[in-house]
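Here you'll find one protein chain in two forms, each presented separately as structure tokens under the names structure 1 and structure 2.
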Structure 1
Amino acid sequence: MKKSPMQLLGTGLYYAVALLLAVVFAGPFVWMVSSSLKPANEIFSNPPILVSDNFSLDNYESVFEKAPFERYMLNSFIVATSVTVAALLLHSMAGYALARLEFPGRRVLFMLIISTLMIPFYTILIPLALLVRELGWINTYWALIIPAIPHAFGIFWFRQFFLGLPSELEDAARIDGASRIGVFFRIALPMARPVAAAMAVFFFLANWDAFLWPLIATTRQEMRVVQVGIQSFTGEHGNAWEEIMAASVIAILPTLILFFALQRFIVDSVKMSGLKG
């Protein structure tokens, strides 16, 4: 079917706007990678050089020489993974109990849990810092992991999922004599994989990207996470933009890989955060 001039104009306009936006959103990524590969004298060349004959990985080498980025990455990885695993386990259990099990005080507990969503992080920041100091957790993984686990959002989403899940399979297992705990771990939890995947991405990203809390909870260099590491790197190597860009690429590589590998789950987790209870 032939398109009318108006339709062609519409299509043209669509692609013009869509492409312009694509340049705005992808441009900084491209520029970051390009700059990270350039020698220092080409960083601010005018006109700008996108692809240089002098591309090399030298900047990456000097980043690892000047700062223990491998340690920062390891710290971030340990923290983000631990929080994610613990959060998935605890929130799925709590969500299941609140959705499926009858016990006195269930509604009150749920309301209490949900009401913690109103507590903003900046208000608990100071007491939390004092608490963690009191516990002797400053400069330990505990300080970075434990306070990040409790999260009403995670409990809420597992509860929503289990409320919507037909209980036939669980009932059948109960009839076969399985315990409540057995039913949860062997029947219900495996079925919650789609929510669990989206939640896992949510918790991993949130904790990999966390900055303010690690900035306060750690002071020693070997306990820095990657976000704090990169910020202090820019402070200590203020003008070496080619190295700072290489450090930035290193810092976002894991999440960028995650983004392209698990995009469906990331989109799911965002949609979930947008749905109203």
Structure 2
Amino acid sequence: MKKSPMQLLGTGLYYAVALLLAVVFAGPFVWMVSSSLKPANEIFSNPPILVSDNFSLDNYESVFEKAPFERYMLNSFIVATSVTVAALLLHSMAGYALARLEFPGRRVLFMLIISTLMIPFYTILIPLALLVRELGWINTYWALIIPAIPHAFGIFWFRQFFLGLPSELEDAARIDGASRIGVFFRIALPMARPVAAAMAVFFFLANWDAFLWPLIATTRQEMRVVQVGIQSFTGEHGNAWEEIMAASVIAILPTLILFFALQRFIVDSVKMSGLKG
């Protein structure tokens, strides 16, 4: 079928806007990669140089020579993975209980949990730091992992999914003799895989990119996470921008791999969870 002039104009505008948004969102990343391959004197050159004639990987070598960057990466991986696994298990259990179990004050409890989303992290930062210090967790993985696990967003998302789950599946399992815990682990949780995968991406990215709390909870170099480690390339006499860019490219690679591997689950989780209840 031939399209009318108005339809062609609408299609053209659609692709023009999509291209503009792609440039806006991808532009900083492209510039970061380009700057990581340049010598320092070309990063702020005028006019800007996107592809340098002095293309080199020296900045990447310098990142690992000047700082134990592999240790920073390992710390971030341990923290992000531990928080993600613990949060998925505990949040799914809490969401299932709020969606399926009948107990007094269930809705009030849910509203209290959701209300914590309105509390800025900065307001609890000092009390949390004092508590962690009293527990003797400073410069330990406990300080980096435990405070990052609870989050109302994960509980809300799982609850919304379980509210839309057909109760007939659980009733059939209960008739066959399954306990409530058995129903959760054998029926509800396997069906929540799209939501769990999406939550895994969100939690991993959030904890991989964490900076403020790890900066406060750790003082020793060997306990730094990757985002705090990047700060080591700044100094009182200036910033080594070429090394900061190279370190940033290295730090972003795991998150990009994870996102592209699980991106379809994010779309599925939005379609399946809805906003019921």
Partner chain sequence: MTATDVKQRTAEGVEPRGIARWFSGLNRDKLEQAVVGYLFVLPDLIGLIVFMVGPMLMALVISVTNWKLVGDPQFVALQNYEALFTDPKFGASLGRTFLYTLGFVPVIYTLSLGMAVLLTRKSRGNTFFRTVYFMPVAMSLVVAGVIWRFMFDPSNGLINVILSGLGLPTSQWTGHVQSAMVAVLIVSIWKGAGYFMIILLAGIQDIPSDYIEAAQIDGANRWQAFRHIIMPLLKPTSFFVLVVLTINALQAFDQIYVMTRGGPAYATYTTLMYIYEKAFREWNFGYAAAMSVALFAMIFVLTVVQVRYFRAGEVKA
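Sequence positions of structure 1, starting at 1, serve as the residue numbers. This structure is a prediction, so every number in the text was calculated from the model and none was measured. So that the term is clear: the rigid core is the largest set of C-alpha atoms that superpose within 1.5 Å between two forms.
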- Task: Decide which single structure shows the form predicted alone, answering 1 or 2.
- Result: 2
- Item | Value in Å for the CA shift of A18 between the two structures, taken after the core is superposed | 5.0
- Task: Superpose the two forms on the rigid core, then give the C-alpha shift of V33 between the two structures in Å.
- Result: 2.7
